[in-house]
Every structure is written in structure tokens, then in C-alpha cells.
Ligand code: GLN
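The chain below stands alone and is given in C-alpha cells; this is the form predicted alone.
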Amino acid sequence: MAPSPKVWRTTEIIQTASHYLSEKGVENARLNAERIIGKVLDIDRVALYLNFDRPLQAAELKEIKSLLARRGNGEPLQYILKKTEFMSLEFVVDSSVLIPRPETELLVETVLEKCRGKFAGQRISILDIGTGSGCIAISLAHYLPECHVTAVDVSASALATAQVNAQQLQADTRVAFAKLDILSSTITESFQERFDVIVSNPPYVSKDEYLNLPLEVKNFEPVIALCDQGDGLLYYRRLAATVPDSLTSNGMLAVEIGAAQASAVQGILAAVFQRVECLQDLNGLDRVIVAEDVHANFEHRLQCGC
């Protein structure tokens, strides 16, 4: 008689999967293994250990092995799980969108704080440029009930993912999506209204920096959302050129920047705005720039139609 196939139990597969991912160089290998196994078994980490002696079905074991192989090959855990957390909300993510980073929460928190001060009790109109998964736009709509957000992206597939997130997070009535290439179109060409806030986490990785990114980022996340194929400042120059025409008189621009870009971006925006402020993230790195008060010469140009 042929020997019976080995019966794998939860505790064994956790140990084996952790060892496998560790050998593949995956950081936090055990946590990654737990999350993958939990996804297949549809239970959280606590339940995983409460069911440590649970035997695995052949189909479950096959799926676990498949997902572990993807993670061992460098694919980000968030894409494998098809979700990630941002601003305490759960977002669907796939390879069409950049994975939301914790650092970007500072951008959202800054806009929330500024809006509650500048526009208290008012309806607030916000434009999110390069929305990706919609994490910025939807988070603002979730935590700022008095706002309406227009979210744009050049990628149709990214917009489709963002719309799924808006529906699942019940923000679809206050977030509108549109396809827009900010490099080839101005904001005013696409929208008649002016916005109180324009926010963006643009592609700010330079062409040279992109070559040195971790393989997990470079091989799996969309290059269009990361790299401007130039010096990393292309989108800030474009925003400086097109944003003044589209802001209300009391409006502001808020952008995320790379850790070494503060001086350059501040210089670009200071040519347009009278007040340019840089904020640091929890690691002490320059991360967000807020620009307010468009220079008088720009306001005059708008008023006279120049």
C-alpha cells in the first residue's frame, strides 16, 4: 500500500512557511507567513493560533504554497492579500496602483488640519491629482464630511481600483473620478470650478534613483506612479504652472515630496506662492509641502484673463 499523504497542520505550515520566506530574504518572514496562511484559511492571526492543530485540506495547502512562492519571488504582500491599511481604512490594492505608504498619511493629516482651520463650516472642494488607489481622496472624504473630492489619474485601471475603494468605503457619493493627464492638459481645461485644495502625491522618483529602488518596488509597482523619467521634479513644475488658475482666492496646494527634494520644490512653488511650508514625517524627513497665497502677479493675470 502506498503511504498516506502527510497531513499538514496550521502550526507546522506556519513554521515551514516562515523558514521558506526567511531563506528568500523576506523581512518579517513569520508575519508574512501568518498573513498569507490567514488569507487562505479566512481567519485572523489570533484565530490562526487558536486553531494551531487544524488539519489543512489539499486545496488550502496548494493555494498557500502558490501565494508563498509569489511572496518568495518578491511580490509585495499587499498585492498578494489584495488589501492594505491607510488612515485606519482598508483599501483594495493591485498592480495597477502604488501601494499606499504610512508616510503619505502625513499629507492627508496636514490637509485635514488645514481645512478644519481655513474652511470651518464651509463646503470644501478638493482636487486629488494622481489618485492611484484613491487612498488620499477617499480618506479626506471619510474624515472631512463637508468636503467634495474630485480625483483624477492618467491610468484607467487605477481609476477602476479607486472606484471600487470608494464604493466599499461608502465614499462614492462625495468622490468623483475622472481620467486626466496633468502633463498634457491643464486643470481649467477639464474643470470649470476652482478648488479650495489641490493635493497630490506625484511621481517624484528620478530616472537615476529608480534604477536603485528595491526589486520589490521596481519589479512590481507601476513605474508611472513612481518615476517621472527625469529629475524627479517634473510634476512639481507642472503643478506650479497650472494650479494657480484653478485655486480659490483662499486656496492651497499640498504635495508629498522625496526626502531630499524640499529645497528644490520649495523654490519651484515660491515663484507662485507667497507662503511655502515644509513638514517632516515621523522619521524626521522632509515629506510634505503646503503652498498658500498665490502671488499678486498671478492673481492679476487671472482677473484680467491674461
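All residue numbers refer to positions in the sequence shown, first residue = 1. The structure displayed is predicted, hence computed values, not measured ones.
Another form exists, predicted together with the named molecule; not displayed. Remarks below refer to it.
Interface residue among T161, T150, N201, S139, judged by heavy atoms within 4.5 Å of the named molecule in the predicted bound form: N201. Though the named molecule is absent from this view, in the predicted bound form it lies within 4.5 Å of a heavy atom of just one residue from L234, L98, I182, L77, which is L98. When the named molecule is considered in the predicted bound form, E105 lies well away from it, no heavy atom lying within 4.5 Å. Residue contact check for A171: none of its heavy atoms lie within 4.5 Å of the named molecule in the predicted bound form. Though the partner is left out of this view, V92 does not reach within 4.5 Å of the named molecule in the predicted bound form, counting heavy atoms only. Among heavy atoms of L226, some come within 4.5 Å of the named molecule in the predicted bound form.
Only one of 218-226, 69-77, 109-117, 191-199 lies within 4.5 Å of the named molecule in the predicted bound form by heavy atoms, and it is 218-226. Contacts between 250-283 and the named molecule, taken as any heavy atom within 4.5 Å in the predicted bound form, involve only E256.
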